[in-house]
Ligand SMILES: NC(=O)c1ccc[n+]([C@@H]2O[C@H](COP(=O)([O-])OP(=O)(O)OC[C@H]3O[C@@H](n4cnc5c(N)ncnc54)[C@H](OP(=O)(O)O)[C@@H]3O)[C@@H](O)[C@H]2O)c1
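So this first bit is one chain, no partners, the form predicted on its own, shown in C-alpha cells.
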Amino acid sequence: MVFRWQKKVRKNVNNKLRKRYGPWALVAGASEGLGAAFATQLAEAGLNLILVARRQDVLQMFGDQLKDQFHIAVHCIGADLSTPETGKMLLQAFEEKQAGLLIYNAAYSKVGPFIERTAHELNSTVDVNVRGPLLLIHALLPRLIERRGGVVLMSSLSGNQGTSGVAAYAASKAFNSILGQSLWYELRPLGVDVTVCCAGAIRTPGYLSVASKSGEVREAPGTLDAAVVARTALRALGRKPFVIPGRMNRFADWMMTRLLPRKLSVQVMGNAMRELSAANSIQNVEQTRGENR
C-alpha cells in the first residue's frame, strides 16, 4: 500500500530530479538489480537514460521496456567498465546527450579468502570499483559543473570496517565513501551535488543466488529491496553527503563503528562472512549490485 504522503514525496523527488538533473542521466551497472532500480525510478521521473553494462542484449531488452513503459529515450552501451575505452565512450555519450546526473552503481566482487584471489580478480576490483568512478567523475566534472549536476556513488557497510572474505571489495567501498564525502564538500560551491549511499544487503539476483541454499533463501538481517535503496539514495542527493538505507542497517553501523571496539567489530563481520565464503563466490554478473555487502 502506498499512502498519500508517500505519493506526494515521490512526486516532489521526481520533479526535483527532472528539473535539476535532466534531461539525461547515466547509470553505470544498469541491467539488473540495484542499477535497474535506479534506472526505473529515474525513468519514472521523466529523465532519459544512458544505460551501461556488459551484456548488450540484456541491457537493450531492459532499455526497450523502460522506453515503452515511461515514454523516454534510452541509449544503451554494452561495455566493460574496467577498460579505459569504456570511460571514453561514456564521456562522449554524457556530453552528446547533455546529461547532468551520474549514478555509479557498477561493482566487482568475489567472495572468499584473499589468498585465493587471482591478480586478475584483484585488478578487476580496483579497475571497476576504484579507478572507474575516480576517473569518470574527474572526466565528467566540466559537464557536471556546467549543468549543476549530481553524482551518486554506491558504497557498502562492509567498507566501514575490515571485512574478511571480501577484503579488496570492502577496501574499495571505503575508498568510495571517502571520495564521495570529500567531493560533496569540494563541489558544493561549484553547484554539483554528491551523495554516497552506503548499503547493506540488497535483494538482487546475485545476492539471492548466494543467500539461497537448497531452494531456501537465508537473508542477512536488514536486507532491503533494490527499489528502497535507490529511492533513499535519490532522496538524499542534494541534501546529504552520506546515507545508509534502512533503520536496522543504520543501527548496525552505529554499533559496529561507535559502540564495539574495532577488534570485535572486525570479528563480527568476519563471522558473518563465513557462510557466504563457504558458498564459494559471488559471480558479479554484469557488474551490478548483486554482491552481498
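For clarity, every value in this text was computed on a predicted model and none was experimentally measured. Sequential numbering from 1, following the sequence displayed.
Here the subject shifts to the form predicted together with this ligand, a form of this protein not shown in this document.
Contact here is defined as any heavy atom lying within 4.5 Å of this ligand in the model of the complex, and by that definition each of Gly29, Asp80 and Ala106 is a contact residue. With the partner omitted here, the residue from Arg231, Arg250, Lys240, Arg54 that has a non-hydrogen atom within 4.5 angstroms of this ligand in the model of the complex is Arg54. Put simply, of Leu101, Val194, Val166, Ile202 only one has a heavy atom within 4.5 Å of this ligand in the model of the complex, and it is Ile202. This ligand is not shown here, and in the model of the complex it never comes within 4.5 Å of any heavy atom of Pro245. The shortest heavy atom separation between Val128 and this ligand in the model of the complex is within 4.5 Å. In the model of the complex, this ligand stays beyond 4.5 Å of every heavy atom belonging to Gly63.
This ligand is not drawn, but in the model of the complex it has no heavy atom within 4.5 Å of Leu42. From the list 112 to 120, 182 to 190, 80 to 88, 137 to 145, the contact stretch for this ligand in the model of the complex under a 4.5 Å heavy atom rule is 80 to 88. Residues of 140 to 156 that come within 4.5 Å of this ligand in the model of the complex, judged by any heavy atom, are Met154, Ser155, Ser156 in sequence order.
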